[in-house]
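Heads up, the chain below is alone and in the form predicted on its own; it's given as structure tokens.
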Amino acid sequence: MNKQHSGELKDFMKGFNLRHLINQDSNLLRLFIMLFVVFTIMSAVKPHLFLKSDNFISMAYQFPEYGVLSIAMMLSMLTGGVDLSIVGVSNLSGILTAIMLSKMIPQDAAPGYILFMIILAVLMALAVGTLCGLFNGFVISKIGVPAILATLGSMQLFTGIALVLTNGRIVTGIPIMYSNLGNTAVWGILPVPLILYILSAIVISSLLSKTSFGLELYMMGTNPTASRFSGINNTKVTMLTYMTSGILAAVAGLIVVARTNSAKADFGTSYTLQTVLISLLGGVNPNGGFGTVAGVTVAILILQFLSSGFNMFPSISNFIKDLIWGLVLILVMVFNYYSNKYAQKRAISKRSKEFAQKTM
């Protein structure tokens, strides 16, 4: 290995060094403390249930689908926008996959043919996610519709298409091979959904920290006017961002279909709120320009530990959980607001002192 490649490898590995990540995002230390506190409380309250290996295996299958959606949401928020259509894209991709697999594979099909059709269906789902994302990016960047309104409308559009295709019914009859492939545990310990989440996190993290696209995305999110005058094509960056968000949503749809062995138009309606909550908790600035995959990942684990803990209390229903997520979302936004305000005051005070010392 020559020196250049060795240096590139060191730079790549540096991106996944914990100390380096904390130096990049001071919010991470706070998140790790929260993760430790939540884990300790749940372990102390229900040790015989929470600390069981079955519980952790179950969590490894549960969080990847909304974890991948959270990364998709984070990307759109980095631009200063939001993507409310990710669940609609996920369901539409999943439904088209399920229809293709259930209608085009005969009962007595050979395993090789089934595998070939599964590969085709996966590629089709990713293509659907890409087109949906490009549609969002076009409406936002070319037509100029605010992201929240554009994706609210496309969410209804994609969900409507899914409802028309299925007449509101659940799509079943998917070959069992698809579920087996999607729920296999590699080496007996790594579920495929978890591997897909890890791959998505690594790819997006590298895309944001190692490529010019990532730099342009952060610059545009921080100040779109300045980025335009510095030569960045904001339209292109926006369309690429929402296209990537759509692909990730399609990946989440494929994971859901594998886990449930079915697809329906209204699956995961609560995920939109959860992904926004995770992104904000993970330190993503809703005004754009700041946020990391590492922060979002730790936030996902915090919410998964909380969710698993709540499931151990039969008296806490799903309605109460939605209420709790809503309250947590408001508290996180209020905390982030005052935290940012305090940080700005400290920065101004520090600069004033430095200026005073120089002029003395």
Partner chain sequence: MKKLLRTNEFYIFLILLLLCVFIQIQSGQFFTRNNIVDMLRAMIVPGIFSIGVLMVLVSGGIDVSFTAIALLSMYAATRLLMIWHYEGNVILAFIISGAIGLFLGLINAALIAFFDLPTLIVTLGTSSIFTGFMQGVLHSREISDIPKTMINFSKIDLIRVYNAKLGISSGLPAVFLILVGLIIIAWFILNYTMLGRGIYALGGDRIAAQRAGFNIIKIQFFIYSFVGFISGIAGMTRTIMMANLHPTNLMGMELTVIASVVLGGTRITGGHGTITGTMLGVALVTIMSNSLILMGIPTFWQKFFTGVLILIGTGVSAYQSMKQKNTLHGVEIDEKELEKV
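The shown structure was predicted, so the numbers you read here are calculated from the model rather than taken from an experiment. Positions refer to the first chain, counted from 1.
Missing here is the form predicted in complex with its partner chain; even so, the following discussion is about that form.
A.B. asks: Which of Ile302, Met42, Ala60, Leu329 has a heavy atom within 4.5 Å of its partner chain in the model of the complex?
C.D. replies: Only one listed residue qualifies here, and that residue is Leu329.
A.B. asks: Going by heavy atom distances of 4.5 angstroms or less, which of Leu280, Leu254, Ala98, Met220 would be at the interface with its partner chain in the model of the complex?
C.D. replies: Only one option qualifies, and that one is Leu280.
A.B. asks: Taking 4.5 angstroms as the cut-off for heavy atoms, does Leu199 touch its partner chain in the model of the complex?
C.D. replies: Close contact is absent here: in the model of the complex, Leu199 is far from its partner chain, nothing within 4.5 Å, heavy atoms only.
A.B. asks: Since only the chain is shown here, I'm wondering whether Thr79 would be in contact with its partner chain in the model of the complex (any heavy atom pair within 4.5 Å).
C.D. replies: Judged by the heavy-atom cut-off of 4.5 Å, Thr79 is well away from its partner chain in the model of the complex.
A.B. asks: Quick one: does Gly160 come within 4.5 Å of its partner chain in the model of the complex, counting heavy atoms only?
C.D. replies: Judged by the heavy-atom cut-off of 4.5 Å, Gly160 is in contact with its partner chain in the model of the complex.
A.B. asks: Does any part of Tyr342 reach within 4.5 Å of its partner chain in the model of the complex? Heavy atoms only, please.
C.D. replies: Judged by the heavy-atom cut-off of 4.5 Å, Tyr342 is well away from its partner chain in the model of the complex.
A.B. asks: Tell me whether Val145, Ser317 and Asp322, taken together, all sit within 4.5 Å of its partner chain in the model of the complex, counting heavy atoms only.
C.D. replies: Answer is yes for this spot.
A.B. asks: Given that the partner is absent here, state which listed stretch (103 to 111, 85 to 93, 272 to 280, 190 to 198) has heavy atoms within 4.5 Å of its partner chain in the model of the complex.
C.D. replies: Only one stretch passes the 4.5 Å heavy-atom test: 272 to 280.
A.B. asks: Using a 4.5 Å cut-off on heavy atoms, what residues in 284 to 305 are near its partner chain in the model of the complex?
C.D. replies: The stretch 284 to 305, when checked against its partner chain in the model of the complex, contributes only Pro286 at the 4.5 Å heavy-atom cut-off.
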